[in-house]
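The chain that follows stands alone, in the form predicted on its own, written as structure tokens.
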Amino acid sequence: MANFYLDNPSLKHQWEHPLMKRIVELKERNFADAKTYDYAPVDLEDAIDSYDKVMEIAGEICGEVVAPNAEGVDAQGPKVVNNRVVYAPGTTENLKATVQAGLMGLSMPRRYDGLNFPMVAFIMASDIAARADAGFCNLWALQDCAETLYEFGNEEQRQKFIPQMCAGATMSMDLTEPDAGSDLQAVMLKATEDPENGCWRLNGVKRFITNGDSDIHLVLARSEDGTKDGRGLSMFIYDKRDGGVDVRRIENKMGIKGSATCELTYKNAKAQLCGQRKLGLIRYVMSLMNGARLGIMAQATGLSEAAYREALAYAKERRQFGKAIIEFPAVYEMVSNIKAKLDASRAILYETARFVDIYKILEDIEHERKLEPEEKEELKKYKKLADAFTPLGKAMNTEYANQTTYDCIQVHGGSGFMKDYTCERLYRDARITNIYEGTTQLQVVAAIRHVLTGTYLAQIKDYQAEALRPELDGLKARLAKLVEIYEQIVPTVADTKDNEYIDFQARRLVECAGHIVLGYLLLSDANRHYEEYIRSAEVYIQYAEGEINKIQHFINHFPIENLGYYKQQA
């Protein structure tokens, strides 16, 4: 029997990270729930055992149900019947299996029928699901919208909607519109207060809505008459059972075909205000999208995992010129690079999830009691790191997913271009990851601030200070030289004080920071499990050296006046 958790030691490896102890202590409030719920853990070991057992269930369902259905779902896809989405039979089977297994509401508190798992566990389940079928991962993982509802909704809304989601209700976030994609300030879906019925009414069109015919929607709408910017937008909760929203059509997409991407028409749809008016974009959507970006990081990592396994298996099986093609340097270099980028992607994925866990849990605790001074500092530290690592990881992991699935097809040669092989679907599915929930270019806009203010460098220095086994001294020294290059090129760009030039070089600076961070994270993994990670650490650092040297040469030999040539070409 296939189990996508048990066959992957790099997943169990995450439970051993030193920060897990602190995460579990905070999430479990020192295991207070054990007095009320017989399934709540009593100590750290018990909590990790619970995560392990649930991930084993997730791994079995993804290996035995979701993955075998993936090709059929990709071929059939969903359709619209009477303004409602009808999913492919395989998708319906996938949803039924995950709901029956209790895999909804993983991170929600037990008082709302959730499992109270940390974000690390939820992200791991998403990682596993994406390996099986990235399209289904989209549908299942949107349960993460409940985090925003929990954080900003009132208690009545929490008690009404979160148990529904834990019992299997699907969710969506309805943000974009035909004229409001990346620029969400341009959202014009109209929200009008209906005091007589104690609700709001929504009217307008939403487009590119993933899982758009879901049971519970979080909707960004314009609540303030006469406004045209983000300050006039609020967040609303729409319950499908109330009616008023139709699916106009499903987009005919390149990939992730199992997930319905819908155009929706709102016709006087009844909705509830979530949180405060005017904070929909400024506060709530930013929180919602940061969670979604972490989820896309997991999706990209799962796709890279699938690509590595497909490439390796084919390269070992396919014979040319009297031997398996894995024996040819051109092929084993590609496979090795896929594996190194996969392990690097997984390293920053879980590092980011740990940062998010600590600050989010501390924010939640702050609603219950006053934080101690050291806890306030801890919250501030990890919130800043989460803010820095989310765009960095989203950019790096999704670009790598595109590269690894591309190389997977190349390993397959002509066969990889055919729909007979899984790699063709993986390549199509990966292409959206560096576009939705903020393109790579927008992630660079978010990340460059942390280059210029030194957030990444400070964390890199912390990584440098970690004690490592002697066998890693050589790689650590090589990374230190890359840090020296980074410390040289950042002020070279920043000291120009030319915003256009800084924006032009931003992608290179962010990539440089990313390569160094990923290199140190792989060293940390190799320090704990040497045999499992040393090869990826060696290959990735070799790759990083080449990339950073190219970046240094480009920046050091690019005068500001050359910007004109690029502008003229455009």
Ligand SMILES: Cc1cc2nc3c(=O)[nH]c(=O)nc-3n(C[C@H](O)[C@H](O)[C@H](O)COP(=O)(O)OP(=O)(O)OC[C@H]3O[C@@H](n4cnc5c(N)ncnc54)[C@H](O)[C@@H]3O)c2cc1C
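Residue positions are given as counts along the sequence shown, with the first one as 1. No experiment lies behind these values; they were computed from the predicted model shown.
Form predicted together with the named molecule: not shown, discussed below.
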*So in the predicted bound form, does any heavy atom of Gln441 sit within 4.5 Å of the named molecule?*
yes
_Given that the named molecule is not shown alongside this chain, does Lys253 nevertheless sit within 4.5 Å of it in the predicted bound form, heavy atom to heavy atom?_
yes
*Is there any non-hydrogen atom of Phe208 lying within 4.5 Å of the named molecule in the predicted bound form?*
yes
*Would you check, heavy atoms only and a 4.5 Å threshold, whether Ile432 touches the named molecule in the predicted bound form?*
yes
*Of the listed stretches (450 to 458, 253 to 261, 85 to 93, 414 to 422), which one has a non-hydrogen atom within 4.5 Å of the named molecule in the predicted bound form?*
253 to 261
*Which one, Val445, Cys199, Ile365, Ile325, lies within 4.5 Å of the named molecule in the predicted bound form by heavy atoms?*
Val445
*Sort through Ala306, Leu349, Leu175, Ala300 and report the residue having a heavy atom within 4.5 Å of the named molecule in the predicted bound form.*
Leu175
*Output the sequence-ordered list of residues from 408 to 427 with at least one heavy atom within 4.5 Å of the named molecule in the predicted bound form.*
none
